[in-house]
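There is one chain below, alone, in structure tokens, taken in the form predicted alone.
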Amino acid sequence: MTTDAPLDQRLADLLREVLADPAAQVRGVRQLSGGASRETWAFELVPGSGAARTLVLRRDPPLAPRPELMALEARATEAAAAAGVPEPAIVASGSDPDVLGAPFIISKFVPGETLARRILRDDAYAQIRPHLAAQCGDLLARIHSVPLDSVPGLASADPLQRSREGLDTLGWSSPTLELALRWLERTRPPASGHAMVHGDFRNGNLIVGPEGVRAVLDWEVVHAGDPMEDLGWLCVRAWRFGSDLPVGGFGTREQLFEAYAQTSGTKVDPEVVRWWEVLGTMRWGIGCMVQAERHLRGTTRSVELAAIGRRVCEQEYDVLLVLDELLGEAT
């Protein structure tokens, strides 16, 4: 395989080998928008016989490869699929940067909508919207049922300690996020379990069709931890996209919790999930800082990353809102 060849030639060489089809061709390679940390490309695979099909390539930025995480993502995706979670079937994956310029995953294309605002507003999804929160509860229960030993390499870390270290390392001044950290440390509930956690399960990382969720995407931060983290993250205000409904902008907490309990057999404590919701809101505030720093330090110069940095103040506002709600309920 020629390492300095164009991407379409590299893809064709790889897939001829993987599929044992020496006549396979690749055409229409195009980079897709979206995704602040990884590149996404779509292309047509034309086999030696049969119909052409669309495939999707996701790869690390060539200047910032993380091969161990890409390999972990592939293992987690396949394990989730085995547990009944709809996933794009993986065609090929690898960690050698000489193959496609960076660690990569190639999967089948799943048609549907990922733009959250369309899912929340377009008439095509009007009938399924009231059922999406329950579908998410069922899917999260399936993800959390995956045996940890079936996904080697899952890391486990204290989320509060990681947030504290992240904020201190960045050096950004945010009294609001400091307030949230102290509240979280003071009110931390006992662990609800230890499971495979998706880490970014939300509206925007789901492929949705008129009948419901067709695929769960973006396993970049999968890890081992408290399963309630995923439920709290899905309820973070940033992922409601202007809707008043707390679960992804499309449903209620009760719908989410009931479906989760029905599939998992575990009753959800709403107060524990609210704690994780506060942590998730604060975590996204720090995440916005991190994305901005990648641009400001020149690691990845990007208007998108710079724009995400401007959302730090939105997360500070959201932190104050949710803390006000919780403190008001306590009195």
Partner chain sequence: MSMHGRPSAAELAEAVQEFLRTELMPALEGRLQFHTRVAANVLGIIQRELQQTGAQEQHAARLSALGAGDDADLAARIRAGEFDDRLPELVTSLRQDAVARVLVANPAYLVESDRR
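Predicted, not measured: the structure shown is a model, and the values here were computed from it. Numbering follows the first chain given and starts at 1.
Below: the form predicted in complex with its partner chain, not depicted.
K.L.:
Is there a non-hydrogen atom of Glu17 within 4.5 angstroms of a non-hydrogen atom of its partner chain in the predicted complex?
P.N.:
The answer is no: Glu17 has no heavy atom within 4.5 Å of its partner chain.
K.L.:
Is there a heavy atom of Asp324 lying 4.5 Å or less from a heavy atom of its partner chain in the predicted complex?
P.N.:
Yes.
K.L.:
Heavy atoms within 4.5 Å of its partner chain in the predicted complex: does Arg214 have any?
P.N.:
Although its partner chain is absent here, Arg214 would stay clear of it in the predicted complex, with no heavy atoms inside 4.5 Å.
K.L.:
Indicate whether Val303 is a 4.5 Å heavy atom neighbour of its partner chain in the predicted complex.
P.N.:
Within the cut-off, so yes.
K.L.:
Going by heavy atoms within 4.5 Å, which of 249-257, 74-82, 138-146, 169-177 lines up against its partner chain in the predicted complex?
P.N.:
Comparing against its partner chain in the predicted complex, the contact stretch is 169-177.
K.L.:
Pick from Ala238, Leu184, Ala195, Ala134: which has a non-hydrogen atom within 4.5 Å of its partner chain in the predicted complex?
P.N.:
Going through each option in turn, the one that passes is Ala238.
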